[in-house]
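In the form predicted on its own, a lone chain appears below as structure tokens.
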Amino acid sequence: MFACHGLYDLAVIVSTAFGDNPTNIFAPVGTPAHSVFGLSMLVLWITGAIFVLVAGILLYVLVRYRSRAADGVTEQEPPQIYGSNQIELAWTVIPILIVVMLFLATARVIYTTEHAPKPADALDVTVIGHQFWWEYSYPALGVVTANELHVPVSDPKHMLPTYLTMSSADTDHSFWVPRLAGKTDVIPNRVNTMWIDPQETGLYLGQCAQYCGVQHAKMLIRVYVDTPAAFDAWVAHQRQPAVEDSRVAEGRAVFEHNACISCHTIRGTVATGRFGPDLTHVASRDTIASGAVPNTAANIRSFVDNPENFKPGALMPPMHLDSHDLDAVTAYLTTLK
């Protein structure tokens, strides 16, 4: 029991050292993440105890039976011990019991997480993994966005989980936000589900945890946990079509007369492409390129000019626009709030 508390205290110290790190696995803020954390601490306690025991015995043998000058030199072998049925039985049965216990503990966490009853008022989000970005659709709310997932905070007294229904448009991906839940694979032609119930507002970062191509490391996840009022305001804003601004009409014309409309959607315009991210409110996002760089006019211009400036291997081709058209498109996209 003392060792268990010691490892838990160590986890608390590590968590404090990381502070408010949005990927700190030692600071879970959701029920699935708490379950994973508890199981991890159990495994750490057991494996830590085994390590201390084995290392202690090994150290004792090395010291107790080390060669000493007083022993003299002899070519005669010491008495040989050829085995002990009791010892062999112990080091066979005990590991089997430990493995069975860990198996049952893991199965319990998996079962209780995957078969938790879904409340009637739970939020549903459809997640599609792409090379190398995330598409989020809220079917009941009529909202489609990319790379930045917004969910309401879950009150422990009245749980309001968010259920993610996930699939892939191309290759294998994996959705992992350490402080909210364990990772779930996102696979083509298969639907996997997971749920999160973050109980603190804030920004939580994650990562595609399955190698999916050259830009796997920059397929980042950003989960914004909002208050109910802030989430409702965000939904109302996202439902609106793109804002018309006569000052950037030229940029809209350039956007609509190039291949941009084949891949991107901007609601309220002729752009209805689905291959790339929905850009209706792209200027309201904090980042572009799936969290790779801040959302600034200079970065938008550089990305449109040639996506490989930030993400070598990105599937979006360079647009080859001249400086005038590139400035016009940049000015247009920065108004899409």
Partner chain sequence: MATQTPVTEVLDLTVEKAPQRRWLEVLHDWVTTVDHKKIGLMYIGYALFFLVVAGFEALLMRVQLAVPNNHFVSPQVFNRLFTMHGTTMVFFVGMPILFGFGNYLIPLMIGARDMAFPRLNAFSFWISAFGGLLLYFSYFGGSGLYGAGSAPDVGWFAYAPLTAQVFSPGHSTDYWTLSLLLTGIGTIGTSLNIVATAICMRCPGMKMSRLPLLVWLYLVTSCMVFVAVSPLTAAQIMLMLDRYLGSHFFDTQAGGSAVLWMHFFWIFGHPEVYILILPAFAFANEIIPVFSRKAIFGYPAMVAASVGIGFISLSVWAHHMFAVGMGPGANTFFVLATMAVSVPTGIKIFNWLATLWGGKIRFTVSMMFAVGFLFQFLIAGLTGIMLSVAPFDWQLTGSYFVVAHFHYVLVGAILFMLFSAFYYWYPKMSGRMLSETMGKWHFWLFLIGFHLTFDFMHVPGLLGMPRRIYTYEADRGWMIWNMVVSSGAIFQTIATLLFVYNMVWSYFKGEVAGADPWDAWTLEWSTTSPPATYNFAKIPSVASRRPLWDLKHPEDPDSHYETTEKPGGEERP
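Positions refer to the first chain, counted from 1. Predicted model, so just to flag it, every value in this text is computed and none were measured.
The protein also exists as the form predicted in complex with the partner chain; that form is not presented, and the subsequent description refers to it.
Between the options 253, 159, 205, 261, the residue in contact with the partner chain in the model of the complex by a heavy atom within 4.5 angstroms is 205. At the 4.5 Å threshold, heavy atoms of residue 47 reach the partner chain in the model of the complex. Contact annotation for residue 163: none of its heavy atoms lies within 4.5 Å of the partner chain in the model of the complex. Residue contact check for residue 217: one or more of its heavy atoms lie within 4.5 Å of the partner chain in the model of the complex. Using a 4.5 angstroms limit between non-hydrogen atoms, residue 110 touches the partner chain in the model of the complex. Only one segment in the set 169-177, 138-146, 225-233, 261-269 has residues whose heavy atoms sit within 4.5 Å of the partner chain in the model of the complex; it is 169-177. In the model of the complex, the residues of 50-68 lying within 4.5 Å of the partner chain by at least one heavy atom are, in order, 50, 51, 54, 55, 57, 58, 60, 61, 62, 65, 66, 67.
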